[in-house]
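In what follows, one protein chain appears twice in different forms, each by itself as structure tokens: structure 1 and structure 2.
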Structure 1
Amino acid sequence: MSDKISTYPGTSLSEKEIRDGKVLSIQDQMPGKFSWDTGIAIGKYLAGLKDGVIFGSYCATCRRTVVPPRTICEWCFQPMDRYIPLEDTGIVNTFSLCYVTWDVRRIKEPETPAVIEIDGASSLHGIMHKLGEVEPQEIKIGMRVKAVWKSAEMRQGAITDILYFKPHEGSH
């Protein structure tokens, strides 16, 4: 605030004032239900996940393999040249131990989100997923991991067809 201004507006309200009805309120929701078309490239990605394969796509102009696949390379704005089946292994680019759910409930055992660079994609190209079958304190950046899939009959063409990524000793 400028030192020329002595008062400034805005009135703080406590949760109690609302709960006790000292201040009126109404609750409402915006019920937004959607059906998003998967489109071309993400359709291929989901079809691949159903078959237990992670697909990327390759841009010959930029010599780059991206994941998830896309139809247009955002670097050169040219059509991608082809889909490429990638490995279901990779390395942990970064991770977190999260003690709060998306709707801000506290949890004792942390969720373990990570960015995983997928083998076969270009350097620093990965996807967001979760880690599992590992003590949270033992997760390290650079750790090699492998996808743990739902059984074939349970897979539906969704990112959740991969349950999580677990530590993996083998080289690719």
Structure 2
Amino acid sequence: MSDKISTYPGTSLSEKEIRDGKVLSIQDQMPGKFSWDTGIAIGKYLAGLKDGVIFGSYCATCRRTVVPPRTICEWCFQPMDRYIPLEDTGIVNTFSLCYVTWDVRRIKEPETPAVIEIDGASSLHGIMHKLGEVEPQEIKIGMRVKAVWKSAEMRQGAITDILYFKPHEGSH
């Protein structure tokens, strides 16, 4: 104890002194009002989703289009200020069968999140989203899929404006 006193000089307070009001204290509740700025690239992406369009950003130096869009290329560190409307189709790059929801509830029928390589973006670039209208045993890597959107009046400018991706036979 003496080591702590020499390290942190001062007068210790007891619980009794605090309870008896011998210590001046103020209790307050601070209202925490926060907002989140999406930034230029994600702002464009979310506005596009509200309009039913998936945007990527193009790097003129690396000649690749990435999704979700970003303002700086992580390969060459050059600005990416050209936004390209992409298709709402793609292929399944990888997927999982989840028997637990995001809020840790067990479920009998699995949810099927997948990474979808979006048509029009460079290879290996895509987004993670759910698959729907497909039995888990029918899902395959490389399977073609298409976005199923909320109705235009229900969209809010969020990734959930796409309800899920379903199997699609169309060509690339």
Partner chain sequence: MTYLEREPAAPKAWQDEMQVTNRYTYGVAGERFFRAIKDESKILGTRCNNCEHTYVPASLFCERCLDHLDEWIDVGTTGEIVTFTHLYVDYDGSPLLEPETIAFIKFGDGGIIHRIESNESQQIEIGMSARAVFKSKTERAGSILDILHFELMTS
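Numbers follow structure 1, counted from its first residue as 1. Superpose the two forms; the largest set of C-alphas matching within 1.5 Å is the rigid core. The structure displayed is predicted, hence computed values, not measured ones.
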Structure holding the form predicted on its own is number 2
- prompt: With the core lined up, does the C-alpha of S25 move 2 Å or more between the two structures?
  reply: yes
Once the two forms are fit on the core, has T160 moved its CA by at least 2 Å between the two structures?
no
Does the distance between the two CA positions of E138 reach 2 Å or more between the two structures, the core being superposed?
no
Superposed on rigid core, S14 CA travels between the two structures a distance in Å of 32.8
F34: Cα shift between the two structures after core superposition, Å, came to 5.1
Aligning on the rigid core, one finds that W102 shifts at its CA between the two structures, in Å, by 2.4
